[in-house]
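Okay, so here's just one chain, in structure tokens, the form predicted alone.
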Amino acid sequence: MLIDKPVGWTSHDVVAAVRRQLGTRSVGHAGTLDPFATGLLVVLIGRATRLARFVEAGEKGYEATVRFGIATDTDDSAGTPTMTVEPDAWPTREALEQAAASLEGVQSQRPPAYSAKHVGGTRAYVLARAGETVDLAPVDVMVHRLQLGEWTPPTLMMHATVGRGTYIRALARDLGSRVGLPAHCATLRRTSIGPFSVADAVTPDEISLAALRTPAEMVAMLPQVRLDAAAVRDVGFGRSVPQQDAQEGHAALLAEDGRLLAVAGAVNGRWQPEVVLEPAA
């Protein structure tokens, strides 16, 4: 199910709403959205919750507003200002475009102190809220594209397409650093994850069985392999089946009627099931 998360809701709030509306406890989501952010949250139900890692692997698209001149302790508008600068002249668009271009590609990014990263078994945001100094080590992330929109100093609109684990809050902070100013992410909206668009999402008020998508649709980005009856039985027992053509990576294994049976990885010319949705009885 694709849901357009409202501002102020946590991702868990959305999961709780789905549980109430559909009457099931087995609900999860792919890719957390902070409460200040809006946009696409992919919610998975029942056995399909095990497909989360394949959904999360897709590129993510965001629309963000960057506020230059103010840094916050969370790198977003929900935090407390830690530095304010009113420059004699704001950066030119050309300077911002150069800075944005320097942030594309593989980047060593320092996660925000208020993040879900673990420090000694404790979430970083828990330590930060307790007043402890949190200094997270940089991690490599991928910024596929960073395109600038309207620049009305001190506010910049931008569109980012990034890989898994990239913090847009940190991207806004680092964009400011590249032009010598403090900055934070003022607004954030996730517009896409892989092939899924927020334009096709429902609001929490529209959660219903009619809004459910099939498990096969949730892994539509993977190559699809139709199995015969013998292979269907083998996959149900978690046994590998031969590939028709040599392929790498993962594939969605489907029954003749299009039902998703499993997601499998390529191993020595065979498909080895990693997530089986219809185990043999």
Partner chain sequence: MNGSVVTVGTFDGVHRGHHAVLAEIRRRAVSSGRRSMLVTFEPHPLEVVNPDAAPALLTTTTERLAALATSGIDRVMTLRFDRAMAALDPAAFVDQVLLPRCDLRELVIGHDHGFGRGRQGDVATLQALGASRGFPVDVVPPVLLADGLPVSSTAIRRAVTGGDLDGAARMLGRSYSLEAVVKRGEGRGRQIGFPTCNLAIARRKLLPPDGVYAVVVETAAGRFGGMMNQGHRPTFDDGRRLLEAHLFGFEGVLYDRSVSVQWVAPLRDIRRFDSVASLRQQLEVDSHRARTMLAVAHPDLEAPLRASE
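This structure is a prediction, so every number in the text was calculated from the model and none was measured. Positions refer to the first chain, counted from 1.
Not on display, but discussed next: the form predicted together with the partner chain.
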If you check Thr49, Gln247, Thr32, Thr214 against the partner chain in the model of the complex, which one has a heavy atom within 4.5 Å? Thr214
Which listed residue (Ala137, Ala89, Leu209, Ala130) meets the criterion of a heavy atom within 4.5 Å of the partner chain in the model of the complex? Leu209
Candidate spot Gln21, Ile45 and Arg259, all three in 4.5 Å heavy atom range of the partner chain in the model of the complex? yes
Pick from 33 to 41, 57 to 65, 251 to 259, 238 to 246: which stretch has a heavy atom within 4.5 Å of the partner chain in the model of the complex? 251 to 259
Distance check, Pro6 to the partner chain in the model of the complex, heavy atom within 4.5 Å: no
